[in-house]
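Listed next as structure tokens is one chain, alone, in the form predicted on its own.
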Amino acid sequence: MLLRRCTRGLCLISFILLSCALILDDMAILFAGGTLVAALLGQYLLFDKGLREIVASVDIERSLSRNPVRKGTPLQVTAIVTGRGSSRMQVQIADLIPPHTILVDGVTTVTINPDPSSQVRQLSYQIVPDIHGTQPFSGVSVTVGNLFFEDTVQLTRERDREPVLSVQPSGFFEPPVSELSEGNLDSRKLSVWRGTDIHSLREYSPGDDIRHVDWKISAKYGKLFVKRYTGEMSSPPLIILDLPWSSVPWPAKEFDRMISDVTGMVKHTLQTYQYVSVLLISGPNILHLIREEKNLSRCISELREWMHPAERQDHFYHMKDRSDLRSSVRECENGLQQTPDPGMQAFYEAMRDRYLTVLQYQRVPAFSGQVARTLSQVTITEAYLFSLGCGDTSHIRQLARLLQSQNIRVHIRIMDAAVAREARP
């Protein structure tokens, strides 16, 4: 509680009067000081009663423009605030935004008139979440003050923290930075295999091998230049981690073993190739891309932030690929030619028509385009896909076929989830 300037002055006067009464042994001064103290105590009791009544009348109802929302995407919040005022009291009600969010537009505070009747105010503002996960609102802050006292009460009841904001991870689809400064098409990425012919020279950048510095050219121009070689390149494999859906049970032991295998492969790849690329997905949702990371500790730290069950915004629901649908159509046509039974022929005709209808209206999923744009940022010839294999695995088949269509060898490592009985909710 905050004492206003008037109250602090009256307390000082009371202290002086009581002190003088004790020194001078004057009952009149003691009565004046005691009366002043009693008046302040009475004002405090009246203020406390009014504060309790005002806080009990406060209620808030929020509505979100979207939920769930991607990390870093603006979100419009509309809040209806209900409360009562009191005579000779100033009341301010503030809506407390969720933690790890940034207020970018609008106001979150309203003022209630000194009227004992119920009043309704509307708040409208925009926030931007910067961390993924579930984030409830922090509650409501009520500030009440009069001539003598001022106090702030924070309401954290369950209804004051609703709704719970579900923040989804944002994809990483930025275009790759080109390293072709001379206009040719030769690869400029670091490699463990290097030829003997010098391709070109470029300025030294942190992380380059000091053994490939051209000291003569560097001494001539007063800055470090690194030799670029031609020859056979050896690219590290792309590590793809399929994280389970957080809304369904998943085998905890198998998940921990998969995380251990991925971490070990990341360390081995960094030691062998000097850099590693890791793509994290959850079903047909691309979560994050670690692109050509050279620092082991930074890579492990980033993996720890992301390697946990994630919420899936998009699902395939056991959707067949277009290649599977065409194969099913051919199987039905072969069945029509080989089966003389009229009943089986009618069955094959119905199934063929059903597959053709689905094939006619089914479009290429957005997941395929997102994967293609993400793969364009790295140079790979081999990929390792880690997954628990539980639930819908349609995205695994589509991802494997997309990689194989680009002449990338795919190694799928699915953990045996059937032997794990313990599952987390």
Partner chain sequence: MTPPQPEYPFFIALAIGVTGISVLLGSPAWYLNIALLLLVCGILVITRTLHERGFYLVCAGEPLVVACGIMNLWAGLFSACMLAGIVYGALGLLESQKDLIPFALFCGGSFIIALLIQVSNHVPLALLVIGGLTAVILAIQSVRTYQFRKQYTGA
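Because the structure is a prediction, the values reported are computed rather than measured. Positions refer to the first chain, counted from 1.
From this point on, the text means the form predicted in complex with the partner chain, which you will not see here.
- Proximity to the partner chain in the predicted bound form, defined as a heavy atom within 4.5 Å, singles out one entry of Ala39, Leu356, Ala372, Ala366, which is Ala39.
- Only one of Cys390, Ile29, Leu385, Val378 comes within 4.5 Å of the partner chain in the predicted bound form through a heavy atom, and that residue is Ile29.
- Taking the partner from the other structure, the partner chain in the predicted bound form has a heavy atom within 4.5 Å of a heavy atom of Asp151.
- Using a 4.5 Å cutoff between non-hydrogen atoms, Ala21 counts as a contact of the partner chain in the predicted bound form.
- When contacts are judged by a 4.5 Å heavy atom cut-off, Pro68 does not count as touching the partner chain in the predicted bound form.
- The closest heavy atom approach of Thr35 to the partner chain in the predicted bound form falls within 4.5 Å.
- Only one of 117-125, 218-226, 263-271, 154-162 places residue heavy atoms within 4.5 angstroms of the partner chain in the predicted bound form, namely 154-162.
- For the stretch 79-105, the set of residues having any non-hydrogen atom within 4.5 angstroms of the partner chain in the predicted bound form comprises only Arg88.
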